[in-house]
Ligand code: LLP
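In the block that follows, a single chain appears as structure tokens, in the form predicted on its own.
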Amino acid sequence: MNSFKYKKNHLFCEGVKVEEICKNFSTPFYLYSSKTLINNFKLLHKMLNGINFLIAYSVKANSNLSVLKTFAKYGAGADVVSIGELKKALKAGIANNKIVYSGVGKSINEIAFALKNKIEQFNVESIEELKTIAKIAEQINTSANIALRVNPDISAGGHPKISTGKKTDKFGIPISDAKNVYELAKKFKSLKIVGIDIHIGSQIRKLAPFKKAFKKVLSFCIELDKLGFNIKNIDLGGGIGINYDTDEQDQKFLIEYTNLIKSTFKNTNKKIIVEPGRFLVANAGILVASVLYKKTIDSKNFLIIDAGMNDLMRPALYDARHIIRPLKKKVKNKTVKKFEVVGTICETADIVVKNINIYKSVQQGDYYFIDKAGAYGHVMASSYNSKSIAGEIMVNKNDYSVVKKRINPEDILKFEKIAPWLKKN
């Protein structure tokens, strides 16, 4: 499935030698494989066959228009959390009736825009949000499809900053309160109750939390059916974890996960919505960087590259570990030593990879790449330290194209101005 392979010691993305791209574009840049995106989507689609389902790609993982368009061509829906993501999904050609709108802080303007574009459903996260959606829908003389996001109070493990299903997290409505909120929703003529939604976290690599959550949501859905609610959609959220330490996807876990969905919900006759993000895009992208300097302090070796936490926030934010490798494997001088790979940002947290084997002969100008950077990479990039924001390039077979230009300081300056009173002598 992974289209990043070494051929005669040189890294290729599909049919393109990555070093050739480096000759034409400054590092750092993100590089995506369209083939890997398609393969990942087709694999998940195939494994869910046998039930009524919708793959609503989690746009927050990677919102590049070309990535969205790739999935749209194969029938994907979208899970969005902002008006910006919604506009991108629509522009990429994702059908409005395949779009679900999540997130705890939907603004009035965002709700109105989504209503006018007749999305599949709002995943409602609070009573105040419910009332706001009802009011706006009434004002513009339409009805809003809603599902309640219920919080099942399940710990999914992993890093606490990507947990979303515990009672102490900000997301959703406690499952113990949800029945009363559904009853409240029935009172609004402008609301149409169509579903139920859960999402317990991200980067989950154990089946047990999913099993507990799915059992809870199914039990609650049966209860709602008995009360006369017409629940047609069960949105299971995302959270499928991947192994950042290996080259290929963990298909064994994916098989177990999809089998669990099918065995749990096969008799419900409802549409099962899944919201994968990381699984679809992580291994479809890399971050290419250049070596700037190496230095040694006491016995600790540092390798300074031109990509840092402004380009890839995950290591600093989540203590995430990525693999870093050279674009060109050495035939001679293959001796390695331990390095801490760091970026250029003036923060101690700007560590890209800790304690990793790098060629001892590494030198200024060598090209390296950070693997599995397709998810939560460029979307979290910033211009901190007034740095450029890396561009994005996509490969298709033997061809490649810039799908987002590099944003330089000169571009950022166009959005700023000096206050008029500061111009006075």
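On a predicted model such as this, the values are computed, not experimentally measured, just so you know. All residue numbers refer to positions in the sequence shown, first residue = 1.
One more form of this protein should be noted, the form predicted in complex with the ligand, which is absent from this view; the next part is about it.
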query	finding
Contact test, all of Pro152, Gly172 and Lys216, partner the ligand in the predicted complex, heavy atom 4.5 Å	no
Contact assignment for the ligand in the predicted complex, among Pro276, Gly343, Gly285, Gly195, heavy atom within 4.5 Å	Pro276
Residue (of Met47, Leu65, Met380, Ile356) lying close to the ligand in the predicted complex, criterion heavy atoms within 4.5 Å	Met380
Which of 382-390, 53-61, 32-40, 362-370 sits within 4.5 Å of the ligand in the predicted complex, heavy atom basis	53-61
The ligand contact at Ser202 in the predicted complex, heavy atom, 4.5 Å	yes
Contact of Asp311 with the ligand in the predicted complex (heavy atom, 4.5 Å)	no
Tyr376 within 4.5 Å of the ligand in the predicted complex, heavy atoms	yes
Proximity of Tyr318 to the ligand in the predicted complex, heavy atoms at 4.5 Å	yes
